[in-house]
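Quick setup: one chain, the form predicted on its own, written in structure tokens, and binding and motion questions come after.
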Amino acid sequence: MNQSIPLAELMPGENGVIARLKVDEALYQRLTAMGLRVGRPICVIRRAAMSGPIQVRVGLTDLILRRADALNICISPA
């Protein structure tokens, strides 16, 4: 069984599959509305310096996530 890691730990160019969203209900609704759902592949495009936001790609959509939120999105290695 693959162990999941926080999305914030992936480096640019690394891929994974969303395994779990450990967020409150309001953020869960926003993330799923943007396409971040369990089982979807995700790729880190770039990371800002100094604990800044992370740009990810889910399907054909690019999103910018706060690092604090990315720490609560669990990813299984692809």
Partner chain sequence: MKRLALLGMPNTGKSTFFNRLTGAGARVGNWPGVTVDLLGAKILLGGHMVEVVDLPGLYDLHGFSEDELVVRHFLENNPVDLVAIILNASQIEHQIAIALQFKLLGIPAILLLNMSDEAEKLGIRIDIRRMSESLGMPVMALSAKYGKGFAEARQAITGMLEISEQRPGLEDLKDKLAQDDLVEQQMQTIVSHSVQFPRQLPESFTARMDRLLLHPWLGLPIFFGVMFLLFQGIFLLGSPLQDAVEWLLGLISQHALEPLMSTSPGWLHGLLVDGIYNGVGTVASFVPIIVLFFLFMAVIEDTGYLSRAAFLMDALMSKLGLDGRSFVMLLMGFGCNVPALMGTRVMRSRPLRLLTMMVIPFSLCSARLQVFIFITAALFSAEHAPLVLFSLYLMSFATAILTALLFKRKLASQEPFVLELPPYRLPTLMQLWLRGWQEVRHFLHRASKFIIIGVVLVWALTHLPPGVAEASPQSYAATLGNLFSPILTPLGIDTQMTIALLFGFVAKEIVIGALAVIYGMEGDALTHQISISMDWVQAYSFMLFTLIYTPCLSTIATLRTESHSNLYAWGTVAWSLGLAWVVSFVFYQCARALGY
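Source: prediction; values computed, not measured. Residue numbers count along the first chain shown, from 1.
One more form of this protein, predicted in complex with its partner chain, exists but is not displayed; see below.
- Residue contact check for residue 63: one or more of its heavy atoms lie within 4.5 Å of its partner chain in the model of the complex.
- By the criterion of a heavy atom within 4.5 Å, residue 43 is excluded from the residues contacting its partner chain in the model of the complex.
- At the 4.5 Å threshold, heavy atoms of residue 18 stay clear of its partner chain in the model of the complex, well away from it.
- Its partner chain in the model of the complex is approached by residue 54, whose closest heavy atom lies within 4.5 angstroms of it.
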